[in-house]
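A lone chain, given as structure tokens: the form predicted alone.
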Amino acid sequence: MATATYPPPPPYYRLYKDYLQDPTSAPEPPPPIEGTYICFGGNYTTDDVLPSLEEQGVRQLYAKGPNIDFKKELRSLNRELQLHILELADVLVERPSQYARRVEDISLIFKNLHHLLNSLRPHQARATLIHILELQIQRRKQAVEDIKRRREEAQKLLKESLATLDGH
């Protein structure tokens, strides 16, 4: 009994048999998906929007609005997290059966911290892209300067070579 290492290609490969002779013979690719779609049983959307904490069913611990001072809010949540962790340690020592509420509070603080950090990701991506593009510009300017310098050196060598040949 013979077995194949790889499965046979899908049948639609025949649609591309004349592609090298006539690139327009191949079918057009499907249009991009827009809106919501289901993949492996989960609902997904093509809109890249960070859902609010309320939409996720989580209470928001920091100020609402468009002008959020991220540094201040992150510091505040971090201090609150430290306080709650110390309280959890105290509860675990004195009343171990009552730790669940403290763990839920810590979980809420972590969710708020995570949401704040995720809302900064577009800014981080933009800043990273700007930095990468500035580095590329700098490298290209250095390459141009290097080419100019080498061209001048080559011209100088050519002039010296011509002068040497004319002198003999």
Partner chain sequence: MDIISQLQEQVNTIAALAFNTFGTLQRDAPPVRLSPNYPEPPPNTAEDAAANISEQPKPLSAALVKAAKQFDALVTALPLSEGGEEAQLKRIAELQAENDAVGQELQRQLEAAEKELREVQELFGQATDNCLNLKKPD
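Residue numbers count along the first chain shown, from 1. Please read these numbers as outputs of a predicted model, since none were measured by experiment.
This next part talks about the form predicted in complex with the partner chain, which is not shown.
The closest non-hydrogen atom of Gln82 lies within 4.5 Å of the partner chain in the predicted bound form.
When the partner chain is considered in the predicted bound form, Arg121 lines it closely, a heavy atom lying within 4.5 Å. Mapping the unseen interface onto this chain, Lys141 counts among the residues with a heavy atom inside 4.5 Å of the partner chain in the predicted bound form. Contact annotation: Lys148 falls within 4.5 Å of the partner chain in the predicted bound form, judged by heavy atom distances. Ala127 is the sole member of Ala100, Ala127, Leu50, Ala63 with a non-hydrogen atom within 4.5 Å of the partner chain in the predicted bound form. Within 4.5 angstroms of the partner chain in the predicted bound form, the stretch 98 to 114 places a non-hydrogen atom from each of Phe110, Leu113, His114, taken in sequence order.
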